[in-house]
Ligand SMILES: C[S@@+](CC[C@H](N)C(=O)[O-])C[C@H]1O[C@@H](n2cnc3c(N)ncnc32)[C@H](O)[C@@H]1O
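The chain below stands alone and is given in structure tokens; this is the form predicted on its own.
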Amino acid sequence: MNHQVYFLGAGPGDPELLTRRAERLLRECPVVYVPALYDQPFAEFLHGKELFVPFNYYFADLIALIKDQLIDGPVAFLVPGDLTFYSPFQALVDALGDLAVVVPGVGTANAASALLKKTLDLPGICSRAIVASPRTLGDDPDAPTMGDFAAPGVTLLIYMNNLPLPELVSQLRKGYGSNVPIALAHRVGLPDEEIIVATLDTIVATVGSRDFFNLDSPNPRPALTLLLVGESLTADADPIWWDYRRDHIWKYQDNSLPG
């Protein structure tokens, strides 16, 4: 068995964000595992292929099916976003070992940053960026809250929020201690993407009754909403940092163009 399983970072859902390497490998695979949400946006790349929804199978059955399919050719998985954060595919990669090849993609945080047109670790404004999810923190009495990660100078990226927005905002206010910007990036990269920028004081009223996190839905489907919080979201970069780098870093590099 010489064929391999390619876990292709498919970005947040926009096929134009697929890397050239991922596109080439996807075209070479006769069998593709694709989340239901991605079958239509990637229809051009999936035409004529045998398609499977990975979440329809128990783990052992899925591994057995993949190994049977590998006899006839390579297999691809379209990985929502990227394997880097909160991906359910790690157990598959581990179980397949050397048969698995991971191809990086554009993560949701990257796409949201591009929509905002903001660097999330802006010098002089943000000293660190933290990725977290209230869903994974646990619910025991000693478990941290999102407020424990929030602080002045922190850009917070919140995946898979499962808290009512007023409660989350209350926790964030305790950590930041001020009315910092917050952005709600919904279905980024999909045709109906939406980004809402407000502050901790105004976001609840701005969102109103819309259930961006599927908290009121009996269907536990992913909400596909990323939250970004912190001063970097609306701050302007100080041009002094450009000149500082010019004098202390870039002038020592070979910046000449060939030819």
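A residue's number is simply how far along the shown sequence it sits, counting from 1. All values reported here derive from a predicted model rather than from experimental measurement.
From this point on, the text means the form predicted together with this ligand, which you will not see here.
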Check: Residues in which of 197-205, 59-67, 22-30, 225-233 have heavy atoms within 4.5 Å of this ligand in the predicted bound form?
Finding: 225-233
Next item on the list: Tell me, yes or no, whether residue 116 is in contact with this ligand in the predicted bound form, where a contact means a heavy atom of each within 4.5 Å.
Entry: no
Next item on the list: Flag residue 176 as yes or no: does it have a non-hydrogen atom within 4.5 angstroms of any non-hydrogen atom of this ligand in the predicted bound form?
Entry: no
Notebook entry, point to check: residue 149 near this ligand in the predicted bound form, any heavy atom under 4.5 Å?
Noted result: no
Notebook entry, point to check: Even though this ligand is not shown here, does residue 129 get within 4.5 Å of it in the predicted bound form, heavy atoms only?
Noted result: no
Next item on the list: Identify, from the list 134, 181, 74, 107, the residue with a heavy atom within 4.5 Å of this ligand in the predicted bound form.
Entry: 107
